[in-house]
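Just one chain is shown here, as structure tokens, and it is the form predicted on its own.
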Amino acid sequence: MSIIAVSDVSYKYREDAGEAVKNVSFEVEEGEFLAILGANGSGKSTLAKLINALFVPTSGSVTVCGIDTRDESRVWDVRAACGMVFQNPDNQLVATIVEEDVAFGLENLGVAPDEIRRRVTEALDAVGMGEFGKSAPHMLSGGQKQRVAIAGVLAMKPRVIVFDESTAMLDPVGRAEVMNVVRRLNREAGITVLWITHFMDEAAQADRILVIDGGSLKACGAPRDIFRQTALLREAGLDVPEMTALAQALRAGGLCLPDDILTVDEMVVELCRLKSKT
């Protein structure tokens, strides 16, 4: 059974407005790393809030861990199972000490103090911030703040985490820090990840990509399959990863390269292969 099922979902912000999400359907398997890719205003963040039960579909249904998000009596069960990390970490940090911030949600749930201490320690260690427990959040870098925000969600022990453009406000170093943490949590802890982004290189690291444009689902598939569809991506206001674009340019110039290169390492391997033949 899928851990998330989105079935023919549409959503309007107002009755007299157009649909921000239009008849979208897909499923997510437990342990999957799914990237949702779209330009600004495409509807991908609206979709994130529908999955986390912050919004309820105008039509259709969203099921998370077997719970229908339209069931008002189960909203907190949905959010306990499906955590969410937003774009700006400053909006999620509420305490003056890192470990207190991570403990905040657990305290609100009435978790026992000994259990809170254990979970906070585990969560901070999991995101590589164990030595910063006594630090002030405002003294941290952007990437460190976002890792603390992730720790706060992790401490709740969710099965799913939705990252809504969680690296958009970070510099390249901070982006890499957060992405490395998320990939490790997915691989080693089995946490299902929904990674919402407009960065092609981040989406390329996912198991599967959904492309959203104008509120509609335009494509779904493995990264190599999606990034071959250059025309579709450009129509959606998107690009391809830098190495994919370079490979396409070199192919147009006559080099015999695959059309699905995604990373620098893959490009190096292919160029070395070509050189060995000369």
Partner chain sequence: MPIEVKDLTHVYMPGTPFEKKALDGVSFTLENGEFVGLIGHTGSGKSTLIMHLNGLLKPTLGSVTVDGLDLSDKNVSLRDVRKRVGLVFQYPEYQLFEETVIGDVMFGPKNLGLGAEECRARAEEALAQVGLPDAALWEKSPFELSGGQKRRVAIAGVLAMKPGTLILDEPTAGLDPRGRDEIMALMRAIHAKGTTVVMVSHSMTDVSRLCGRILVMNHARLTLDGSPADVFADAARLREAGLDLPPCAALAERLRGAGFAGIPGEAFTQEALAPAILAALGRGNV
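Positions refer to the first chain, counted from 1. Owing to the predicted nature of the structure, the values given are computational and were not obtained by experimental measurement.
What comes next is about the form predicted together with its partner chain, which is not displayed.
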So if I measure heavy atom distances to its partner chain in the predicted bound form, which of the stretches 246-254, 26-34, 57-65, 215-223 falls within 4.5 Å? 246-254
Should residue 159 be counted as a contact of its partner chain in the predicted bound form, where contact means heavy atoms within 4.5 Å? no
Give a yes/no on whether residue 172 approaches its partner chain to within 4.5 Å in the predicted bound form, heavy atoms considered. yes
Would you check, heavy atoms only and a 4.5 Å threshold, whether residue 48 touches its partner chain in the predicted bound form? no
Do residue 208 and its partner chain come within 4.5 Å of each other in the predicted bound form, heavy atoms counted? no
Contacts from 175-206 to its partner chain in the predicted bound form (any heavy atom within 4.5 Å), listed N to C, are 198
